[in-house]
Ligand code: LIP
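This document starts with one chain, in the form predicted alone, laid out as structure tokens.
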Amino acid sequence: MVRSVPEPRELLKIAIEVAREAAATAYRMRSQGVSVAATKSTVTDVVTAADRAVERQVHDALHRLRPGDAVLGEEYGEAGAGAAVRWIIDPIDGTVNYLYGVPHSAVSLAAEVDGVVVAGVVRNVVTGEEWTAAVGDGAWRDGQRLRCSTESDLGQALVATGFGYDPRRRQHQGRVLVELIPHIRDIRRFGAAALDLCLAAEGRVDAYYEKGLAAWDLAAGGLVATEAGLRVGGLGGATAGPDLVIAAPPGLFAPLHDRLADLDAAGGP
């Protein structure tokens, strides 16, 4: 018997339920104190016990609600490859913020059907702000429909970005930023890609770009951004991915893209 694939709204309902419970766990664990459990790519790329506990909780909840689906998470990798539905988890996006008590970290959970993200939720662990999207249904925060900025003048654009953990990559990204900042209104660096994409979705920044995002950084926030009207892509017609993610209003995408291409933003280590 072939199992039917749920509609995006149904998957979003599940994602919201699971993400809310996960964010509550992350908040509780932070209030009890948090320490580094391990490091990943560099000694500054940290993993906390909460990252692991939250991802395991999400895995278990999805297995209970949707047995047979695949799951890809930042901490535990992929399970159940080959299923039509795959869930993509970032248990705590902005782990360094979480570690230091900076209130800009989030649980990010997306549902992908046959390789296309169709539903996603990003929930701020500290503030409880929640951004949601289902393909074709728009992007929302706490019941409010989101529309991106209408800015088209690069010189007036407030642009968010982030940096990798590898010192050589940061050095390259720093050079790009030094050359970009004279051509924009200003830069913002908050430290959580999923939340950055959501802020762009509602016009709290005009645009966002970053090199080095993984699927769990991009999936839910990228859908929120797209459904809010942002154009989300890479350089030279490439899809958004590890080489570069640009999220900008349609009238701003080309000038920001061209400036970043000139600066070799997708280059370096």
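Every value quoted in this text rests on a predicted model; they were computed, and no experiment measured them. All residue numbers refer to positions in the sequence shown, first residue = 1.
Note that the form predicted in complex with this ligand isn't included here; everything after this is about it.
Region of this chain that lies against this ligand in the model of the complex, out of 109-117, 176-184, 158-166, 128-136 [heavy atom, 4.5 Å]:
Stretch 158-166 is the one.
Indicate whether residue 213 is a 4.5 Å heavy atom neighbour of this ligand in the model of the complex.
Result yes; residue 213 sits at the interface with this ligand in the model of the complex.
Quick one: does residue 217 come within 4.5 Å of this ligand in the model of the complex, counting heavy atoms only?
Residue 217 belongs to the contact set for this ligand.
Answer with yes or no whether residue 121 is in contact with this ligand in the model of the complex, where contact means some heavy atom within 4.5 Å.
Heavy-atom contact with this ligand at 4.5 Å: absent for residue 121.
In the model of the complex, is there a heavy atom of this ligand that lies within 4.5 Å of any heavy atom of residue 193, even though the partner is absent here?
Residue-level check for residue 193: yes, a contact with this ligand.
Can you tell me which residues in 236-260 come within 4.5 angstroms of this ligand in the model of the complex, by heavy atoms?
Counting only heavy atoms within 4.5 Å of this ligand in the model of the complex, no residue of 236-260 makes contact.
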